[in-house]
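Let's start with one chain on its own, the form predicted on its own, as structure tokens.
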Amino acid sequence: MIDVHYWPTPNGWKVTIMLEECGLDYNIVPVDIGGGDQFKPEFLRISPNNRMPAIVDPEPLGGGDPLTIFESGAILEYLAEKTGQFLPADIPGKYRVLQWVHWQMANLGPMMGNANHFKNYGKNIADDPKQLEYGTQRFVGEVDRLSGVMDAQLSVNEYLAGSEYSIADMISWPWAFLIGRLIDESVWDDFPNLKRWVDQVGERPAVYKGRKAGADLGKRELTEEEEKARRELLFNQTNDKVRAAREEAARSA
């Protein structure tokens, strides 16, 4: 059984959706990112970038010792190769998919994360709301542009990488279905092909189950002091703050 070091966020959902689609047994190991679990030495030995998700496969492809993998794109590519599913075997088809996987990792996820930070979380941190204006405009505008990229691609393809559902769709959907919530629900009127795909993928039973995995984690209502500490932990990370944990993880590796 694969251990999934996980918290219910878009990046976490990518992996649980893939595991559900592949029919693989998995065990959720909670990583409370608001409580600092991502800085614990035992987690840093698995994910040195102190980010979830990460997996540990005790029966890896090719055999040998348990395999640890961090970064959601690498995890999905590995699971696709292990199971022979959702990644074409032919070279042109494989790279049609992988280019969209890398596009999501470099573009859609980071831009939406930054847009959400400036538009929603930033107002709880910044002393002067005007400090947020440029960042909000920059990143929300980039999300709008990327939505157009997907809409154009989906105007001539059923799925992001062509006619077949693939890891390109699984890695992009957990962020894409939140675009209306991030910008405004009326934005879907500008991207009908993207909305068709979001709804179509969202109707898959495995996508629903993966999206709901660990849904009860982190539902405890925080006090104002706890919420302030959580924001400080999530958004004010520096090398100095995590250096000691990384060094301890390296020593005990």
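The model shown is predicted, which means the values in this text are computed figures rather than measured ones. Start at 1 and count along the sequence shown; that's the residue number.
If you look for the form predicted in complex with a small molecule, you will not find it shown, but the lines that follow are about it.
- Residue-level contacts in the model of the complex: of Leu44, Ile55, Val207, Met52, one residue has a heavy atom within 4.5 Å of the small molecule, and it is Met52.
- For the chain shown alone, Met105 is a contact residue for the small molecule in the model of the complex, at least one non-hydrogen atom being within 4.5 angstroms.
- At a distance threshold of 4.5 angstroms between non-hydrogen atoms, Ala213 is out of contact with the small molecule in the model of the complex.
- Contact annotation for Ser172: none of its heavy atoms lies within 4.5 Å of the small molecule in the model of the complex.
- Contact annotation: Glu71 falls within 4.5 Å of the small molecule in the model of the complex, judged by heavy atom distances.
- With the small molecule omitted here, the record of contacts in the model of the complex names 30 to 38 of 198 to 206, 30 to 38, 56 to 64, 185 to 193, defined by a heavy atom within 4.5 Å.
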